[in-house]
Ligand SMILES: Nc1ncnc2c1ncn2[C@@H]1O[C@H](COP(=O)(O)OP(=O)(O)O)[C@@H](O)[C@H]1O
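One chain is shown next in structure tokens, namely the form predicted on its own.
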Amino acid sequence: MTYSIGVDFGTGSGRVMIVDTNNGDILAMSVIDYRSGTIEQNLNGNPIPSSFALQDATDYIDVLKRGVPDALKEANINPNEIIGLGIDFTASTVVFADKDFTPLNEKEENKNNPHAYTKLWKHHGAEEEAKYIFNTAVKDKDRWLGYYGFNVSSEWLIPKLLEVKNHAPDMLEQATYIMEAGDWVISNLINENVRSNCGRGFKTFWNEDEGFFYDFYEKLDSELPDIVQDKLEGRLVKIGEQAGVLTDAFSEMLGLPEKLPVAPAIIDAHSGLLGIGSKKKNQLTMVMGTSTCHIMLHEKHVKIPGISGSVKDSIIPGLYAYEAGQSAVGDLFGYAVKQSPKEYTEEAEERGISIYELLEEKASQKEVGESGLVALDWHNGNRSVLSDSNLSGLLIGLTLHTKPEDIYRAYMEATAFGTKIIMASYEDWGMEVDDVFASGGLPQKSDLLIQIYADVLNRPITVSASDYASGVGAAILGAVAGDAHEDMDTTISKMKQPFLKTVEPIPENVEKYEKLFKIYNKLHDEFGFKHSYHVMKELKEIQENQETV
């Protein structure tokens, strides 16, 4: 028997899994919360902008130090049967590190500088830089912009780099390496500066044929080409290859075999496709959690408005991976739960269920359209198809009779409507959707949510039986790096997770949701494209100005 380790680095914790390379069974799992959590609102007692979301990268290594030995103990196997290790990571999460890969915030003099810390994927402090990059690219009609959805997100690495250059140039000077967090972890494990084609292709304006777009960087800032070359370059490793082997120090620290093969890092949502076995074109996979990524594979490279990128060989060799997404899904439902009144909290406690379960139960008793509500799910901005983190949420139709479960259901429906717009964008540009898969932490937990999605999309939705597809996907790459099987396709086939069920659309609900979607679509266009768009901008500007007073 042989096993591989998959480590799934999420927004709030890391999950270490030991997986059987012959059948994909998960033998053991250890979940480690990040010690510092997500740093928002204030840093060491000092206020920081509401758009900031920071982390301490040393927490990621802590996940390995604590999680791997715990998982090995639970699995009760011979460590020498471990043949490979892979990781997935939320992106774009950016680490600024010195020549020894030590994060800059570890230096005492940098403890109170927010720009020394890791910028989490949902850090939106680089909005102005993203606008500047976009406007420069549009003016010069840069050839590559269409492969990033004809837009630029403040979540990506280059805007965050420029943010630091503009606001904390001393941190930029101190940084030897500016890295995707996944690359930073792998570089630590093998003690070499390596970069995955997955993170690089989706987050840094790079492609395999041309490399980094240095001519464009020159237009943005005369110093940027040298910064990118000095701090972002590194040995490139493709998904499906081996990044290197574990150092002796980490082998001893983690209790793993010497020279253990290590795979390159993959973006977490992309890893989910491997975990469920979605490896063909015309399959839309929704990786649903805190946020949702909508990923498709295709042999052709086309320019689709509103996507977050398209990169060859970044999931399956020979195919382009296309990513779109929604910035708030699980986060949005969590926000609704926090607004629950005292009587709901007390009812849930008395019945021994969670607030989530109580709200879903009450919401499921409602007919489609009964609440009279429609929401825009932009509480954390809009990633696709508008690519604007400065947008905000909207709830229309409130009356004195509106109940918490009505709002909860409206948010569920809003995320489904947002997915419908994304799916239509794929289809409008020639990518047929034959199958829809759902994986991640949400689909197995909420029957109502998946039924709403099936009804709104008017498609059957096949749900993964595992909450842990991304972690299994990372383990699959670890197994590929360790030559568990003859090729990557065979490894995926053997280790992919089973499906739980297929949810069919209900015809009468489909018809009702078509009417609600038309209203959502009008609001989407009005606040996303037309003059009302500026209302959200103006409100956010007032808020940000107040924060600086």
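Heads up: residue numbers just count along the shown sequence, starting at 1. Please read these numbers as outputs of a predicted model, since none were measured by experiment.
Just so it is clear, the following notes concern the form predicted together with the named molecule, a form of the same protein that is not shown.
The stretch among 333 to 341, 171 to 179, 244 to 252, 110 to 118 whose residues place heavy atoms within 4.5 Å of the named molecule in the model of the complex is 333 to 341. Contact check at 4.5 Å (heavy atoms) against the named molecule in the model of the complex: all three of 290, 356 and 442 pass. Just one of 322, 96, 378, 408 comes within 4.5 Å of the named molecule in the model of the complex, counting any heavy atom, and that one is 408. Comment: the named molecule is not present in this chain, but in the model of the complex one of 446, 389, 151, 310 has a heavy atom within 4.5 Å of it, namely 446. Interface membership of residue 528, defined by any non-hydrogen atom within 4.5 Å of the named molecule in the model of the complex, is ruled out. By the criterion of a heavy atom within 4.5 Å, residue 11 is counted among the residues contacting the named molecule in the model of the complex.
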